[in-house]
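Below sits a lone chain in structure tokens, taken as the form predicted on its own.
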């Protein structure tokens, strides 16, 4: 993983003058950006990166928050209570308010790579170094992202600790399931983003937990997205053994819920419905939370293969993960209770 940070990088012409002693970082768009040796004020417009910054212990350096974290994220207030005092720096469409950014005067800005031209535009308009990061739902890229952000913020040692912990936990799940043949891995349909027929075209927590995401390999409905619209007829033809529903919403906000799916007459013939194997999962929530992505994988592994994870208490494991990442005691349980996710078969 460290080798990924030492690749030969092609330098780009930058519209700002990097100071002596700057650290060169390569971002998710392949851009090479010179970051100040000491970053005291950082503005993250990408929720996944903002959560990583808090996990690195650099939460006090944040000078603003994006609209999604301010309005919709139910985890962020738990892991970083000080967020309530930060100004909102983006509009509802996610585009940053330039006048607010300039007033906050950050040493470093981190943006999403989803809008490919935005990082260069921000860099030009503000004269500040702008990095674009996202894992796009891939564990290897998440590990690399943690290391990159750690290097940018002068917290490489802490980043290495988190990356090793995450990799070791994933490896422990893999060792328990690696000999399970494809035909014994459950067929799983994942319903995300408030629509039963919207699904991710690749979902690594399902694969890492030795399941088969039925939408794997489909083309996304929109460039830069990982989501595809799937017809109800196709879902019926797939006949999934397990249905996973996006559980990141508060109960009153859920447009797709377990009770509704189980009582839907159109889905009566689906194996998951007949066997009452419909569950909430935490899911890809405006990118990932690194701790929650790991807990979700452990949770799904026990859900898919309970005989191999009888000794695993997912809530206890989740609380340990939250303690390592965020220094919180009982953090996963607090989130689970807030979202009213039942214990399910994984306790």
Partner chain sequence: MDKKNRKSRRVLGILIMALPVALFVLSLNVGSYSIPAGDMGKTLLSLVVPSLRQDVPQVHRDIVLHIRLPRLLLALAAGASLAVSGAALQALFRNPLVNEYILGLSSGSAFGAALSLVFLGRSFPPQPAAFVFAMVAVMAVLLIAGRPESGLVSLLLTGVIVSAFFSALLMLVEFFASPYALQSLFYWLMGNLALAGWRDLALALPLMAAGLTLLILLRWRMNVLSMSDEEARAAGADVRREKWLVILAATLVTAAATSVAGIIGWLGLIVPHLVRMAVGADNRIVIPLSAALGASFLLAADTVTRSLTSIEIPVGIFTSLIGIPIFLALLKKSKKVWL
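Positions refer to the first chain, counted from 1. Small disclaimer: the values here were computed from a predicted structure and weren't measured.
Just so you know, the form predicted together with the partner chain exists too; it's not on screen, but the next bit is about it.
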**Q.** residue 193, heavy atom within 4.5 angstroms of the partner chain in the predicted bound form
**A.** yes
Q: Classify residue 286 as contacting or not contacting the partner chain in the predicted bound form by the rule of any non-hydrogen atom within 4.5 angstroms, answering yes or no.
A: yes
Q.
Against the partner chain in the predicted bound form, would residue 115 count as a contact residue? Criterion: heavy atoms within 4.5 Å.
A. no
Q: Although the partner chain is absent from this view, report whether residue 176 comes within 4.5 Å of it in the predicted bound form, heavy atoms only.
A: no
Q. Ok, 155, 169, 185, 254: which has a heavy atom sitting within 4.5 Å of the partner chain in the predicted bound form?
A. 254
Q.
Using a 4.5 Å heavy atom cut-off, which residue among 165, 76, 139, 249 comes into contact with the partner chain in the predicted bound form?
A. 249
Q) in the predicted bound form, which of the stretches 104 to 112, 231 to 239, 204 to 212, 119 to 127 has residues with heavy atoms within 4.5 Å of the partner chain? A) 231 to 239
Q: Output the sequence-ordered list of residues from 147 to 175 with at least one heavy atom within 4.5 Å of the partner chain in the predicted bound form.
A: none
